[in-house]
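Given next, in structure tokens, is a single chain: the form predicted alone.
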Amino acid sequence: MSSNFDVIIIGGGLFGSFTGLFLARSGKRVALLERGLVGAQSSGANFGGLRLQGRSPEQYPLSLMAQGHWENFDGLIGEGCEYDRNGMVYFASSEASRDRLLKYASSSRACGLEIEIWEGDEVRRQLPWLTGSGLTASYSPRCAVANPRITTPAVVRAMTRAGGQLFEGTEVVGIDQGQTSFTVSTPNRPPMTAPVLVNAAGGWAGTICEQFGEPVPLFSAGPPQFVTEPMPYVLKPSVYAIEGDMIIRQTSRGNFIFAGYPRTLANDDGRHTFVPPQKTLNGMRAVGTHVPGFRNAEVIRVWSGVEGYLPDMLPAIGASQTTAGLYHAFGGSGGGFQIAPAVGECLALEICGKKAPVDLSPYSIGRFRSSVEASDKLMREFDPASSSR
């Protein structure tokens, strides 16, 4: 097996996998390196939401492009991901949160998203299971969900069918830069070389950035999540409390999947995010408060992932500012699952010297050469005292 490639990608999450797929289909010899198993961290352990509502305005071009790929996932990949265009509801329970909801809706509409606003009797008609605390709601019919546990492996299989090579269980222990290529060392394989290196290492991407002289304020965390026993199917859309204490959807098998804030910092080992039992209890109380019919549902599993976050809650995508041939794709900041297909296609086009349909300059790693202000979203979704064990 050859150790020489056109592109080496470090990280087998969705950013790396979609980049590898589009590069392989363009004729590049691609090596995708993953320390563990593909999709085992944030790409496979997230809520599965293909959310369009509530995105930052600069992210909508990328997000809408990505949604087109999700809507054609079976044709693009050759197998399914349990895609379901179920729609999404935001609801607000106070005047302050109502104002934020309406701002989200206005921003989403300005970027081309169809949004319905429900208030008063219309909220009660559309969401009869919601307590009277639901003051205002917005509905986006184009939002959807997919099964994150099966999605990344499907994308990687499509990449290998296109000629790309996958190396699981392959931890990178060294990267050397020559005049025309990078050499990547691992404990269990001969060194691999390529003129292009893609840093898609998720929560661990900061180590590679630092080696090449462009450090970033990346940290790792994950939202607490749990799933209930199967129950009768009653809930079509995904439902988000805009305050963040309840995000819930029901699978076709009847299980309810919950996620909520504040997020929890990852363990010191960087490989796991422990969910404190109190967060599960708080989440169950939130569900019972907003949707009383779920009060007696039994939780059968609790989990979280390791997601990379940047202070402005935007990813880093595009060429290195210090090193020719190095590209970055990391820092999904809780929203990376949905945008991944567009990230992969745009980055692959840029690597191939072609113009991407979406401008990646807002995501340049160069923005961290100066201080980047923390977003309001970051401040709302993280508890400074919240940490792993």
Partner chain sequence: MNSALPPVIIGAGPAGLACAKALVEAGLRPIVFEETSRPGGQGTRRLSAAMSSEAIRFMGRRAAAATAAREADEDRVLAACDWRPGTLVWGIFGNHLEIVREGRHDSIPYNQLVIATGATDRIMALPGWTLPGVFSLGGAQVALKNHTSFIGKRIVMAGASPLLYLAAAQYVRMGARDITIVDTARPAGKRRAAFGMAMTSPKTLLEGLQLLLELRRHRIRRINGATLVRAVGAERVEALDIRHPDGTLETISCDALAFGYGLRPETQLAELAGADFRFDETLRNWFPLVDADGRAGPRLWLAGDSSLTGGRVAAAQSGRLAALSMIASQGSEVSDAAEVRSLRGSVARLRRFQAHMAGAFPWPHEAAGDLPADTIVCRCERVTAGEIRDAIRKVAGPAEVNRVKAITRCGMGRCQGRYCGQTLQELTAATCERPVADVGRLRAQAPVRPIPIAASDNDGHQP
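In this text, all values refer to a predicted model and were calculated from it rather than measured experimentally. Residue numbers count along the first chain shown, from 1.
Below, we refer to the form predicted together with its partner chain, which is not included among the displayed structures.
None of 173 to 181, 76 to 84, 208 to 216, 194 to 202 except one has non-hydrogen atoms within 4.5 angstroms of its partner chain in the predicted complex; the exception is 76 to 84. Across the proposed site, 166, 281 and 287 without exception bring a heavy atom within 4.5 Å of its partner chain in the predicted complex. The contact residue chosen from 300, 96, 110, 234 relative to its partner chain in the predicted complex is 300, the criterion being a non-hydrogen atom within 4.5 angstroms.
Just one of 185, 131, 106, 255 comes within 4.5 Å of its partner chain in the predicted complex, counting any heavy atom, and that one is 255. Put simply, residue 295 is close to its partner chain in the predicted complex: some heavy atom of it is within 4.5 Å. At a distance threshold of 4.5 angstroms between non-hydrogen atoms, residue 277 is in contact with its partner chain in the predicted complex. At the 4.5 Å threshold, heavy atoms of residue 124 stay clear of its partner chain in the predicted complex, well away from it. At a distance threshold of 4.5 angstroms between non-hydrogen atoms, residue 221 is out of contact with its partner chain in the predicted complex.
Residues 147, 149, 150, 156, 157, 166, 168 are the members of 137 to 168 with a non-hydrogen atom no more than 4.5 angstroms from its partner chain in the predicted complex.
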